[in-house]
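Just the one chain here, the form predicted on its own, laid out as structure tokens.
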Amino acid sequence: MKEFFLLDPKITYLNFGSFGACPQPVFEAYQKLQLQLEQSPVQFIVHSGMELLKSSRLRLASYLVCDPDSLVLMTNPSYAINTIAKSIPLAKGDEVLTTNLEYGAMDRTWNYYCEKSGAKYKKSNINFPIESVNSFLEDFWAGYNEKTKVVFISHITSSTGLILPVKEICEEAKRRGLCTVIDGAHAPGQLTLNIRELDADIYVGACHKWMMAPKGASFLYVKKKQQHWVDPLLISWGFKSDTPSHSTFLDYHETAGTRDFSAFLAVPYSIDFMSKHDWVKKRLLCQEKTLLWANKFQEFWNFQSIAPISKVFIGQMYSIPIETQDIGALKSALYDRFNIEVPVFMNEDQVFIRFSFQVFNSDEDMQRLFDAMKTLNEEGYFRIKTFV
């Protein structure tokens, strides 16, 4: 599959999780859409482009298995979560329950808006190594009390690359009368996602990561019974529209001023690409490779994995716990000396090297990372982290 991607062939690209990568057929379709926009800006933005936007939303809703009138395309998950965090009706003393594994930008978002309302953004401490789904759930719900009103949690975490048991959390949250907000930035395209079955109140995801759409294509799903309180982040022509549609939610959130929304319109081409190339099978093969190499790293370095190396917790990303005095120097050495693009993340006081395995990756790519880490470990750039 390497020939379908535009990535620099000199770089061993093991960081698909950060921004994805767009296959050439999808990218070419995207460029054609941009050309149509420039050839007839008024007609495209006001008429034909809006019809294509509706078609894109319907295709994405079918792919995600959800109500299309509860789904709106947005530029990125941060925009979508900001829309929710700014709008959600929290009073002074209310609590938003989350984990200590969330994406840093989302932590900042929730802290900002909780401070505005007098609410509290409360992190349950997830103990490493995670022993099982049950142990995770025990850690998570230990943070619950009568002040908890909202649950916010990643479907797949960023720095640690872990699949979290969000279905179980949504079920329990519903039993306790809590609103659930799921950050699914990494899930679409990496997991088989059925939003209707998951039954979250709000689900946010990226199409430009594992779905491989152009950069700037993401979505916000809001269950119909919750839509009444979700204000648009940007007030525009959809607010009290002169020509309202059947859905106030769509009117409010699809109109956000002049913008190039071609990336939204390219999403069906990504779905077609995955369908044409039997993506579920390929994704599962990539997951098997991820597990294989996670075990190889663990056996060689003799560290405790932060969670069981199994399909329950691991998809196409795996994070190796390390200790280092200089994250920047380590990342630069991997890129500048070994031509390897791989992230080195900090989560609270813990540091991880996280590799992604996508269809264009190979055992040779992983061996390059293995050899580079061995060299840099011997040179003192880092050491493996152990948990007590």
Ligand SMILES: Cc1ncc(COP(=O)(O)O)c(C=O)c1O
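One rule holds for the numbers: they count along the sequence shown, beginning at 1. Not measured: the values here are computed from a predicted model.
Not pictured, yet referred to below: the form predicted together with the named molecule.
In the predicted complex, at least one heavy atom of S154 sits within 4.5 Å of a heavy atom of the named molecule.
Looking at P232, you'd find every heavy atom of it more than 4.5 angstroms from the named molecule in the predicted complex. Proximity of P77 to the named molecule in the predicted complex falls within the 4.5 Å heavy atom cutoff.
Not displayed here, the named molecule is approached by S18 to within 4.5 Å at the level of heavy atoms in the predicted complex. The single contact residue among W293, Y121, Y103, F261, judged by any heavy atom lying within 4.5 Å of the named molecule in the predicted complex, is Y103. Comment: the named molecule is not present in this chain, but in the predicted complex one of A185, L97, V72, M212 has a heavy atom within 4.5 Å of it, namely A185. Stretch-level contact analysis of 233-241, 277-285, 203-211, 188-196 against the named molecule in the predicted complex, using heavy atoms and a 4.5 Å limit, identifies 203-211. Residues of 36-55 are not found to place any heavy atom within 4.5 Å of the named molecule in the predicted complex.
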